[in-house]
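Only one chain is given next, in structure tokens, and it is the form predicted alone.
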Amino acid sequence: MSTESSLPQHIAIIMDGNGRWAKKRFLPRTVGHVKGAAGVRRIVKACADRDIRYLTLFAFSTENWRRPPEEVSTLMDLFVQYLQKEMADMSSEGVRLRVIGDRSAFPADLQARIAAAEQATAHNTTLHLTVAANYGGQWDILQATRAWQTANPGCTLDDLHEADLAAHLSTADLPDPDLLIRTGGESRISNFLLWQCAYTELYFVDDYWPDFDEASLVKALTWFASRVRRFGRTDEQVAPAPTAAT
């Protein structure tokens, strides 16, 4: 069993394989993204039902702008539709939405909808849903360094410590992920939460994101529960103390 908890407090997911899911069915890649967006609701509910407090989803990376313009446009439209259709229900269920990443590249209408959704759900505490959009781990570390430098004029990098930098990351108010799930058969984290995942358990699954359902999540949670999380310690140090005989 996991030495910290049998359930992760914070799950991060790289939702990969939408385009390949569609291609396998001789459908346009955009259809896969539509199907994948529908799956978000399912996993959010499955996490909330299990009292998992934090869920972070990688929706759009800083590198995804290199994709065909029509695909990028579809992803932007899906984001708007998601905010329009889902947030009322999610808010009533206690879901708090936050979006991390560089929003400046998004259309003004999308930026306004993101801000409105964040404000409308800011009081919710059942599940903290963080969506990483136009996000990259390298960008996050760089912007955190710049933010620290701005907040500490006159200091040099010799004065910068790990805790100082972590306090300026996009996820500064969240616990680091306990479990990172990547769908789609790839075994890399693709510039996602590079700093935050230093001690995260990494779970890679072949299922494409549109096929990742509650049963798939349960398999990932079962695998996580089998992990021994040492955080640099030995097996003996993390083993539970034996109970005294009565």
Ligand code: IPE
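Keep in mind that what you see is a predicted model, and the values were worked out from it rather than measured. The first residue of the shown sequence is 1; numbering continues from there.
One more form of this protein, predicted together with this ligand, exists but is not displayed; see below.
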request  = Work out which of the listed stretches, 216-224, 39-47, 52-60, 198-206, brings a heavy atom within 4.5 angstroms of this ligand in the model of the complex.
outcome  = 52-60
query = Within 4.5 Å of this ligand in the model of the complex, do 10, 123 and 176 each have at least one heavy atom?
reply = no
query = Though this ligand is not shown, can you say which of 77, 102, 89, 71 has a heavy atom within 4.5 Å of it in the model of the complex?
reply = 71
query = residue 20: heavy atom within 4.5 Å of this ligand in the model of the complex?
reply = yes
message = Please determine whether residue 33 contacts this ligand in the model of the complex, using a 4.5 Å cut-off between heavy atoms.
response = yes
query = Taking this ligand in the model of the complex, which residues of 178-205 have any heavy atom within 4.5 Å of it?
reply = 182, 188, 190
